[in-house]
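Below you'll find only one chain, the form predicted alone, shown as structure tokens.
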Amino acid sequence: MTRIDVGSVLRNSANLPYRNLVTRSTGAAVRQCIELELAALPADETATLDFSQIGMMDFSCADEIVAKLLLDPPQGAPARTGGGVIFHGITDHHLEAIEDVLHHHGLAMVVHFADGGARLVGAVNDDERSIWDVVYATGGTSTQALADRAGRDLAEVQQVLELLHSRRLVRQAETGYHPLGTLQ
């Protein structure tokens, strides 16, 4: 798994010792640098964007960086079919802007918090959230085992898992579905 330190990208792209993402032009510059790094990765590799060194993020930067990275693959990059992007180091201060732009665009993402927990944020329905929670809690397993654990119909769970996979919120492997960031 590749880790991209967004704080370092910010400092290098702006050529100043900033910790805050506060203008659309700054967000666009940071996103373009991140896109270059993502374009160099294999299509099935998961990348972690580490925001732990970012102080404040406004709505325009959340839109430029988070939403646009989730909406479009970097120019010239293969579609990130099996991989995805995990967002790490997101704080409550970042979440307000991020969740607003995610809902606006109908997007969702996986956030890993400093305490080791993870959750799904953005535009997801109750079914998607509950099935994702089971995938995360189990560390991933077969579709049948996930349906059994959720106490739900296999076909219904399969449909939700396929949707989560198409939105790059879980990984699909021979052994079933797994949370982003696991090695199975």
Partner chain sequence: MTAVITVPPSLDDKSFEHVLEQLAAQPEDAKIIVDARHCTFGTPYGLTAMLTLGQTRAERATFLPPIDGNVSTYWSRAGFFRYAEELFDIQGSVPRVRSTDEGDKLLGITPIAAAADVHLVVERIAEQARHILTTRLKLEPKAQMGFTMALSETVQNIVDHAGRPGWVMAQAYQYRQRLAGRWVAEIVVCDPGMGFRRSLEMGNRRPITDRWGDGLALETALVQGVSRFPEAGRGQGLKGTRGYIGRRNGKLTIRSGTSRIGLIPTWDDSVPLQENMPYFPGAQLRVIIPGEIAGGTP
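Numbering follows the first chain given and starts at 1. Owing to the predicted nature of the structure, the values given are computational and were not obtained by experimental measurement.
Keep in mind the form predicted in complex with the partner chain is missing from the figure; the text below concerns it.
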Which of 112-120, 57-65, 126-134, 141-149 lies within 4.5 Å of the partner chain in the predicted complex, heavy atoms considered? The stretch 57-65
4.5 Å heavy atom contact, Ser166 to the partner chain in the predicted complex: no
Taking the partner chain as it sits in the predicted complex, is Arg11 near enough to touch it, meaning that at least one heavy atom pair lies within 4.5 angstroms? no
Does Thr48 make contact with the partner chain in the predicted complex, using a 4.5 Å heavy atom cut-off? no
In the predicted complex, does Ile90 come within 4.5 Å of the partner chain, counting heavy atoms only? no
Partner contacts for 97-127, taking the partner chain in the predicted complex and a 4.5 Å heavy atom cut-off: Ala97, Asp100, Val101, His104, His105
